[in-house]
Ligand code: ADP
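Just the one chain here, the form predicted on its own, laid out as structure tokens.
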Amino acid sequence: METIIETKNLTRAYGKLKALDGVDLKVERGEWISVLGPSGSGKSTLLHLLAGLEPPTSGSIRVAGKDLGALGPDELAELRRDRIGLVFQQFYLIPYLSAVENVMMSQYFHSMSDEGQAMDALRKVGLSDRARHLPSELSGGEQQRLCIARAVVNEPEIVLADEPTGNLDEESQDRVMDLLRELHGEGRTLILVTHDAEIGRMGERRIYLNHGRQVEVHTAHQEMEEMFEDEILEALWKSDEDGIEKIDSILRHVIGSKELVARLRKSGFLQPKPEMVLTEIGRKRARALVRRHRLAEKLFLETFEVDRDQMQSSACQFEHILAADVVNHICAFLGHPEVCPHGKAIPKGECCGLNGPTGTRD
């Protein structure tokens, strides 16, 4: 694979505040990277630096084989014009130009305006019938799709999108994400900044920032493995809870269970024995998984009034995006419930006013 973007020890400071602090990133051509993190974590700053819109305080950036630190303003503008498509949350459309003229403006800075090509770009995003409308006459979703048409009309290798769905309703969000998936499917490199965990999961790799530091990197493959590991740990907890000695029938439904079991032993979650027995660390993790799942079930059934037949699948999808502090908030919101809708005990957490060291309800 060819590396198209690479940063080393990338730092951006504003006075004493470090918006980015030593970020190392390598992006392969055609890869989809999701950049996630809380507000103020440095996500947008990273995108601005990769686009050459502002310089780093220290560290280096290479984009499409060029060292951005060695380029002057005109050369950076040429790089953006020829190689990079930018999609902003704020749109930055020219208010007195029609939709097709906004797209043609991007062409003008690239080479020459071509209305036919600009109309093709609008047709691709479903806006050919709105070509003569001003931005003020378009909905938020339509304006974002117009931004995408403007960004890709010159067929850039790289698309940088900053919270492209942040201000959109669900239907508009789905259409925008469909467009971005199509662009990625055409072989373009996509770096998407988002605060939405579900959108972030669409990427092949997820980069998490916190206070300007890169704290986690996940791949889609890693996520699947983690979900399977969690399924094994949760099954073991439930088998102990129900007094079931044989759990082979459960594990047969887990893809690659033998490899996963070996990895769980290596990670210290299972005891190094032929029998699959949780270690104390494994029990702690399994307890947290069961607690999260059962609280999600209770939330869906009693608060969201989801049908019982849909409750289980909804809880399974929902639980995997819940952070520990969110689980505690849900527990408090529900009044620290004792049992789940199936009558099974919900393990207590730190929010439940525990006096013991483990917080168990085994």
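Quantities reported herein were computed from a predicted structural model and do not represent experimental measurements. Residue positions are given as counts along the sequence shown, with the first one as 1.
There is also a form predicted in complex with the ligand; it is not shown, and the following applies to it.
Partner contact for Lys43 in the predicted bound form: the ligand, 4.5 angstroms, heavy atom
Because a heavy atom of Lys43 falls inside 4.5 Å of the ligand in the predicted bound form, the answer is yes.
Proximity of Leu10 to the ligand in the predicted bound form, heavy atoms at 4.5 Å
Residue-level check for Leu10: no, no contact with the ligand.
Taking heavy atoms only, is Ala19 within 4.5 angstroms of the ligand in the predicted bound form?
Ala19: yes, in contact with the ligand in the predicted bound form.
Is Gly69 close enough to touch the ligand in the predicted bound form, meaning at least one heavy atom pair within 4.5 Å?
Judged by the heavy-atom cut-off of 4.5 Å, Gly69 is well away from the ligand in the predicted bound form.
Which among 332-340, 43-51, 25-33, 289-297 is in contact with the ligand in the predicted bound form, heavy atoms within 4.5 angstroms?
Going through the listed ranges, the match is 43-51.
Check each residue of 11-39 against the ligand in the predicted bound form and list those with a heavy atom within 4.5 Å, in sequence order.
Result: Tyr14, Leu17, Ala19, Pro38, Ser39.
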